[in-house]
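The chain below stands alone and is given in structure tokens; this is the form predicted on its own.
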Amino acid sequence: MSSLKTLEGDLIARDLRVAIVAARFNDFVVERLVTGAIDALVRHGASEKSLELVRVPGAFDMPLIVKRLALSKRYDAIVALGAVIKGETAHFDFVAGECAAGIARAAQESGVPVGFGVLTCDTLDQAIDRAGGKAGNKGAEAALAALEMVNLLKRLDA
């Protein structure tokens, strides 16, 4: 296996333009995700001038904006951040499912990588743990996934 050619994307953000789409709903969790994503991008070479933060009302609203930004061709990658926390009704299932499917479609149809950092948790404690608590910061992880995908696509196109 050592002679097997392997293609991977680097975690290099230098000269990349990245949009961060963040939901305002559950803002106390989402802000931690945004901070994590920005920190990860800057630590990997992005300048804050190359980052743009776009706020949307909630996770259900994200796919439309992610797709519009991706089709604009102004960004190399997009990071989608939000938090959907299960309640007592089926509303959670519809919001989480449509959000994930719509964001995936936006990436596939536009060819622009989208890091998916929308938490879908049963409890507020789980969301806090994933937004910089004991389970790490999923905002940072989504940003790094987007970076890796941008750089992998560049390698595939070379």
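Values in this document were obtained by computation on a predicted structure and should not be read as measured data. A residue's number is simply how far along the shown sequence it sits, counting from 1.
The same protein has a further form, the form predicted together with a small molecule, not shown here; the description that follows concerns it.
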property	result
The single option of D129, D39, E31, D61 touching the small molecule in the predicted bound form, heavy atom within 4.5 Å	D61
Sole residue of S110, S50, T35, N26 within 4.5 Å of the small molecule in the predicted bound form, by heavy atom	N26
The small molecule contact at P57 in the predicted bound form, heavy atom, 4.5 Å	yes
A100: touches the small molecule in the predicted bound form, heavy atom cutoff 4.5 angstroms	no
Heavy atom of V84 within 4.5 Å of the small molecule in the predicted bound form	yes
4.5 angstroms heavy atom contact with the small molecule in the predicted bound form for R68	no
Contact stretch among 129-137, 100-108, 87-95, 40-48 - heavy atom within 4.5 Å of the small molecule in the predicted bound form	87-95
